[in-house]
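We begin with a single chain expressed as structure tokens, specifically the form predicted alone.
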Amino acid sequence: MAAIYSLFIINKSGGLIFYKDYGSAGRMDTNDSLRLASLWHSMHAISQQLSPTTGCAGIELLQAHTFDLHCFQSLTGTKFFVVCEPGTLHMEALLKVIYELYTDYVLKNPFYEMEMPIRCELFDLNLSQEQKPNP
């Protein structure tokens, strides 16, 4: 299985509500992760408006020489994206599994407030069981 570098969850207004670093070489501090999430939210929104096709959902995959960025946007506007090794397969399926974990363990948590940072132990536990980082 290819390496996943990091996972981001962004609320519908562009705020970072969850960030998980899987030990990538270029670790980011909190401010960098907030800037990256905000930048991705903006790029995603602009791409929807500039697309020549109607009904465009925004950028779903950004490929670079050193990483791929896969994005899934839920119907509520929450964006889930992973940064992984180039050419990693089945990231769309993984993002949907992460979304299911989010709906099961975060949204159904009576103590979670919408659009706020995710602090849910069951979500973290099930997420780590679903995607174990490579050594």
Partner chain sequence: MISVGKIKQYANVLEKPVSRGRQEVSLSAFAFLFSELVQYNQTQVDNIAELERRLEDAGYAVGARVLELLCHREKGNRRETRLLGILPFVHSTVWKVLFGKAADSLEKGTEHEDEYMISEKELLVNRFISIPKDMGAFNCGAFVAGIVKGVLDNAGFPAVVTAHFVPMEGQQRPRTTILIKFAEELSNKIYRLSQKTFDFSSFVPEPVV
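None of these values were measured; they are calculated from a predicted model. Residue numbers count along the first chain shown, from 1.
Below, we refer to the form predicted together with the partner chain, which is not included among the displayed structures.
- None of the heavy atoms of residue 116 is located within 4.5 Å of the partner chain in the predicted complex.
- None of the heavy atoms of residue 57 is located within 4.5 Å of the partner chain in the predicted complex.
- The closest non-hydrogen atom of residue 89 lies beyond 4.5 Å of the partner chain in the predicted complex.
- In the predicted complex, residue 109 approaches the partner chain with a heavy atom inside 4.5 Å.
- Heavy atoms within 4.5 Å of the partner chain in the predicted complex are found in exactly one of 73-81, 100-108, 47-55, 28-36, that being 100-108.
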